[in-house]
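Next comes just one chain, in structure tokens: the form predicted on its own.
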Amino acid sequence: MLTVSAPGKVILFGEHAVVYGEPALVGAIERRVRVRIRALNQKVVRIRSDATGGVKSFSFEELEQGEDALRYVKRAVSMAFEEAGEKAGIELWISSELPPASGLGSSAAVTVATLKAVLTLLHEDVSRKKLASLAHRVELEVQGSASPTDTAAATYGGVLMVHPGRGIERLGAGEGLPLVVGNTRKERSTKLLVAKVRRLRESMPEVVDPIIGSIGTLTREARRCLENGELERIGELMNINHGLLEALGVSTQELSHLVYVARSAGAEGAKLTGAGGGGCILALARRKHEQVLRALGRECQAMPAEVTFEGVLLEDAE
């Protein structure tokens, strides 16, 4: 039996502005998806998942069919078979510390962990660079379009600086950054929210372009602060970033309420993370971590989520 895990992610700074060429800072978080795998004598792929409940079995041909909740796992298994040049009967057990559809990178984490688990079982050793590339291809094929950011965070861990059109840079700072996530459990459409900001920009470019530019400026400043250990200033920048996202119209009353709950409980800073319209907020809580966690826990699903430099990980091999 093999166990492989991969982390989720949060957008620390730069959401929406990244669509218009500004940088974004993304951090892998110590909330993981785990995939356990063993070989079977039958020519089937059997999948057990906490999210879907029960057990589902698929022939090798059925891995390419359907738009069900296991589509990322099925496509990852199929791509691993292609990469290894062989197929095998397998059973997968999937468990997750990441709430689904919350903007925390659960689909990327399960994709990376599944690919790594199947390839390891088939004795196929691939580099992290290759693994990240395969995982991005899975997300592209399942979603139709996808940034490589989430799968890179799940593969490599750490803090990533996303430079649109120029690639992704892994930074050497931010490990153990004490974060708390508050999840509204309200689903939102990233596509619709991006379109909303685009319409606003088209109608008032003279107003919106400076906001987008300011988000880019504070993202670059946040990088500098991370690398210099200026965490108090990171909190201040998070607060400003949230205000700018409110100005773009992507926050909600519930998200902003949670932001102010976190700040009132002692967080150095708090902001929405991701597209907005639902999903999660992110708080930096150094001195009053437990107080912030409890305060948010009274209002929503709250969880500690410090930044981790441990990407995809082979946890054990029995």
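Residue positions are given as counts along the sequence shown, with the first one as 1. If you're wondering where the values come from, they're calculated on a predicted model, not measured in any experiment.
There is also a form predicted together with a small molecule; it is not shown, and the following applies to it.
Comparing 38-46, 54-62, 258-266, 274-282 against the small molecule in the predicted bound form, the single stretch with non-hydrogen atoms within 4.5 angstroms of it is 274-282.
This chain lacks the partner; the member of 295, 18, 300, 303 within 4.5 angstroms of the small molecule in the predicted bound form by a non-hydrogen atom is 18. Screening 214, 95, 190, 120 for any heavy atom within 4.5 Å of the small molecule in the predicted bound form leaves a single hit, 190. Shown alone here, residue 103 lies within 4.5 Å of the small molecule in the predicted bound form, counting heavy atoms only.
The closest heavy atom approach of residue 11 to the small molecule in the predicted bound form falls within 4.5 Å.
With a 4.5 Å cutoff on heavy atoms, residue 231 does not count as touching the small molecule in the predicted bound form; it lies far away. Although the partner is absent here, residue 88 sits far enough away that none of its heavy atoms falls within 4.5 Å of the small molecule in the predicted bound form.
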